[in-house]
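Shown here is one chain on its own, the form predicted alone, set out as structure tokens.
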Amino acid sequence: MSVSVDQLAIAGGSPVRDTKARPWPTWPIATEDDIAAVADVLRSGKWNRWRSDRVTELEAALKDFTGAAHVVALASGTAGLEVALKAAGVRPGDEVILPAYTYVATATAVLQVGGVPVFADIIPETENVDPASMEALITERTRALLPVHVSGLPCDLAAIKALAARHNLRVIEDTAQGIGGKWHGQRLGTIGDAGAYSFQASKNLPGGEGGAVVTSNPKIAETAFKLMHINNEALGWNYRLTAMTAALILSQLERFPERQARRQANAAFLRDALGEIPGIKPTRVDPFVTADGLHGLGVRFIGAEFSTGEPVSRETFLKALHAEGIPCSLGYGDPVHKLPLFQEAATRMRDHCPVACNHPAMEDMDYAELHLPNVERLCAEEALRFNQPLLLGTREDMQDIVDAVGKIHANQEALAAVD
């Protein structure tokens, strides 16, 4: 590629992509089949789980799709995490180890059951939790490990399961982003004791909201079902999924394999092409990954390797990329342990367990003093993400992404004025 400085859009040149003339794919995508599926439920007058068969149909379809022995549909993925933790035996005061690079709901689900979140560091190349970091955090109060398949890329579950077996711990998979992922041929969420899916509107299989607990443990499944609804046998809550949402997810599921295949092909192209550009590091695909769930493609921006002269910051690179007409985000902006809820835990959680319950584990937990170098560097300097709707584009669309990144790399001098 041979381009001159003044060709960078951020410096007044023409962008690689005119997004008005060639908009990117939007999400979610509703078809006439989706509309008809929801309308059928509305016309039936049977809108809830107990009167309609749509929710149980969805559970059966998800069992077939995932290979799990049991599925319990719920109102959200966050509810799924909470119910899975409770059903797996996490009790108030128990410690649960999870990565600090995740959406805050992973941690607040632990808090909602009265547990104590213990944050582990990550493997930068995959953005997923480091099993060695998890192991170093295990205490006599640890009850469960909560790996997160970030962007749907499978974690090192062999190492995590071995760690759990040595210490008699539960493994609950946060598979909110990973319904399309596979580990050694098994669907994510089905490898640990239980997994939680999300069908929130941004997810690859969207229903607006919605979630599910998947497990092959009949006791966990039985308890999860009781916790999902108000009943006189257990202290459940109203986490029921509506029939309309179930119908929408069922309809979306019919097109999921085709859409996921396109994401896979486009992500493979981007990984190869972007990986040729200095300082651009797409997430590593380990041998145990037989399918990446691809709720976006994570990329690390290594400024020292990208820069040919004056150092280029990630923020400046991102501004230049946006000017070229390429959408891209920063991933998770802050490690979870750096969020105000945890930095000021004594005051912000003073009316809630585990703080209000004076659990010994919380007395020893000082999130303000916690330092996790890999996740903190990823959030502050490196993490970028091409969100999953982009991966539904054409090969020409993917080439635009590669061309824009290459154009910026070749014309870094023009960035000095905006850095």
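Note that residue numbering follows the sequence shown and begins at 1. None of these values were measured; they are calculated from a predicted model.
Beyond what is shown, the protein has a form predicted together with a small molecule; the following relates to that form.
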Checklist entry - in the predicted complex, which of the listed residues (Thr102, Thr223, Asn204, Thr283) lies with a heavy atom within 4.5 Å of the small molecule? => result Thr102
Checklist entry - Though the small molecule is not shown, can you say which of Ser76, Thr126, Thr142, Ser307 has a heavy atom within 4.5 Å of it in the predicted complex? => result Ser76
Item to check | the small molecule contact in the predicted complex: Ser198, any heavy atom under 4.5 Å | outcome: yes
Checklist entry - Heavy atoms within 4.5 Å of the small molecule in the predicted complex: does Leu81 have any? => result yes
Checklist entry - Do Phe288 and the small molecule come within 4.5 Å of each other in the predicted complex, heavy atoms counted? => result no
Next on the checklist: Under a 4.5 Å heavy atom criterion, is Ile326 part of the interface with the small molecule in the predicted complex?
Outcome noted: no
Checklist entry - Exactly one stretch in 102-110, 312-320, 131-139, 298-306 has heavy atoms within 4.5 Å of the small molecule in the predicted complex; which is it? => result 102-110
